[in-house]
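Just the one chain here, laid out as structure tokens, in the form predicted on its own.
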């Protein structure tokens, strides 16, 4: 009597398994919706010159023409096509959010890492500095920086970046304090690992989950603050097709030409909501306390 041996198909064994957090993220419907919106805007930002029907700075029709089959979002007070301006504006607004968060994350993470790891007077000095920054609301802190540097799109990126520094510093410090007390950090010290190696490879590497979540949420907040500063005339300057500036240009004729401010406002809303959905999904996927599997 022949014995039968079950053999797993070779192609099944060769399929790599996705990391657990990716599987959990992909099961989150809200996160999938957020990712779809963000990837859609990223696609638009990259291919805006090929997608936009007109040059965003040129007059192509009569002023304040209502949405129609020819001009889907209508035209602004100078006769420029709003679809083209919103599409090109995605490049500026997304870049503003990503660059601002990067400018804030690097010094913020560094300060939080030093404060949490070394403690003592280093922690005291850094913590008091961060507390002073936290005493100001983000938009007010950004306004102070703009008042010092002057209104421009580049200065808005710096201002919003400065406003995000204390958030990254506080979160990183708390994570470092929790991880520093774990046994494997003491083991690294026993085998002779230096302070910088311990901070980067053993502590920061294991504190990246909450930092990634915060960075995702801060991108949406940075876009919103940047648009608010441009709306006030402190950011991008005409004729730059930036969402906040486009909304500001239509506020004087909101009753007669509602579409000028509405469509860029909806674009801002969609990106901010998408960032929040993705951030919530990442938090659920990366936080061990919230894992369902």
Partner chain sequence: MTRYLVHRLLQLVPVLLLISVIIFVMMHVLPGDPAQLILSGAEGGAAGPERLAELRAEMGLDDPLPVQYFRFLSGALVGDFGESIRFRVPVSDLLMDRFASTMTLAVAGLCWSMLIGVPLGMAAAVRQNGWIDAVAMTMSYLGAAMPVYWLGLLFILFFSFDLGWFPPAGGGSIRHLVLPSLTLGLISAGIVARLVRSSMIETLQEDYIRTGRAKGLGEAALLWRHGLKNALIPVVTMLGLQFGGMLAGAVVTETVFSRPGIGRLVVDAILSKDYPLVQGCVLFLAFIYLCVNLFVDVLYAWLDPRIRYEK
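For clarity, every value in this text was computed on a predicted model and none was experimentally measured. Positions refer to the first chain, counted from 1.
FYI, the form predicted together with its partner chain isn't displayed, but the following is about it.
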Only one of 51, 63, 266, 33 comes within 4.5 Å of its partner chain in the model of the complex by heavy atoms, so just point that one out. 266
If you check 174, 137, 119, 107 against its partner chain in the model of the complex, which one has a heavy atom within 4.5 Å? 137
Heavy atom of each of 149, 233 and 247 within 4.5 Å of its partner chain in the model of the complex: yes
Using heavy atoms and a 4.5 Å limit, would one call residue 47 a contact residue for its partner chain in the model of the complex? no
For residue 129, is any heavy atom within 4.5 Å of its partner chain in the model of the complex, or not? yes
Considering non-hydrogen atoms and a 4.5 Å limit, does its partner chain approach residue 29 in the model of the complex? no
Is residue 43 close enough to touch its partner chain in the model of the complex, meaning at least one heavy atom pair within 4.5 Å? no
Stretch in contact, per heavy atom within 4.5 angstroms of its partner chain in the model of the complex, of 35-43, 248-256, 65-73, 52-60: 248-256
